[in-house]
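The data below hold one chain only, encoded as structure tokens and taken in the form predicted alone.
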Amino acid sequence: MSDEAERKMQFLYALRSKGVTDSRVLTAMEKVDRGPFIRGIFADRAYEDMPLPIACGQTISQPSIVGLMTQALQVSARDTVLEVGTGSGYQAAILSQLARRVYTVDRHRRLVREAREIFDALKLSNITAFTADGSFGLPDQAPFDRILVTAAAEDPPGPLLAQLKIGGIMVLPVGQSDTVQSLIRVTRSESGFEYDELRPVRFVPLVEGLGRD
């Protein structure tokens, strides 16, 4: 077996052992190489199940958390998804394998520019990336079937709840930035919102406004 095949097998085994069991999610994560999304001195650690630093003081989440959040989102092939917090672009690339259309926003211009370059190189034509304050969502493209937030807010932001379709699902970390946060799944029904607490997590805080880069 080649090194790469073995690495891929270990990568998928690590995902399964952490609870990522949805076959569509595993297939998407097998297809999208995490390597191109990590630059510089951490590039050789791309296949380890750990978060890694990226530009602008942000992080790329560990693959098992990406997998668990994607699994909780229950994306179908017809869905339009909003991702708040593009970061490296890795999560959006995974979502692009599962959804009809992915909109992703980040407050850091540099991250959006670098992510776009990778999406183009990988020919992921169903992702549109914007530089914007993600806490306000994307009203012009709303409503969304699914919303994924990759930064922690104290409460689910009102504009994002408003942009979720009836029957839609939002997955996000909630909690104070310096204590343990909870991963929450919000489902919108005719009568309101239902909240499920999924697991403890740790994410960078959701910051309002645009970055300086």
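Source: prediction; values computed, not measured. Residues carry their position along the shown sequence, with the first being 1.
As for the form predicted in complex with a small molecule, it is not shown, yet the points below apply to it.
Novice: Within 4.5 Å, heavy atoms only, one stretch in 20-28, 6-14, 186-194, 200-208 touches the small molecule in the predicted bound form. Which?
Specialist: Heavy-atom contact with the partner occurs in 200-208.
Novice: Here the chain is shown alone; which of Ile118, Leu98, Val105, Ala72 has a heavy atom within 4.5 Å of the small molecule in the predicted bound form?
Specialist: So the residue touching the small molecule in the predicted bound form, by this definition, is Val105.
Novice: Among the candidate residues Val171, Leu160, Ala151, Ile65, which is the single one with a non-hydrogen atom no more than 4.5 Å from the small molecule in the predicted bound form?
Specialist: By the 4.5 Å heavy-atom cutoff, the listed residue in contact is Ala151.
Novice: Does any part of Ser182 reach within 4.5 Å of the small molecule in the predicted bound form? Heavy atoms only, please.
Specialist: Contact with the small molecule, no.
Novice: Does the small molecule come within 4.5 Å of any heavy atom of Val84 in the predicted bound form?
Specialist: Yes, contact at 4.5 Å.
Novice: Using heavy atoms and a 4.5 Å limit, would one call Val32 a contact residue for the small molecule in the predicted bound form?
Specialist: Because no heavy atom of Val32 falls inside 4.5 Å of the small molecule in the predicted bound form, the answer is no.
Novice: Wondering, does Leu122 line up within 4.5 Å of the small molecule in the predicted bound form on heavy atoms?
Specialist: Flag for Leu122 set to no.
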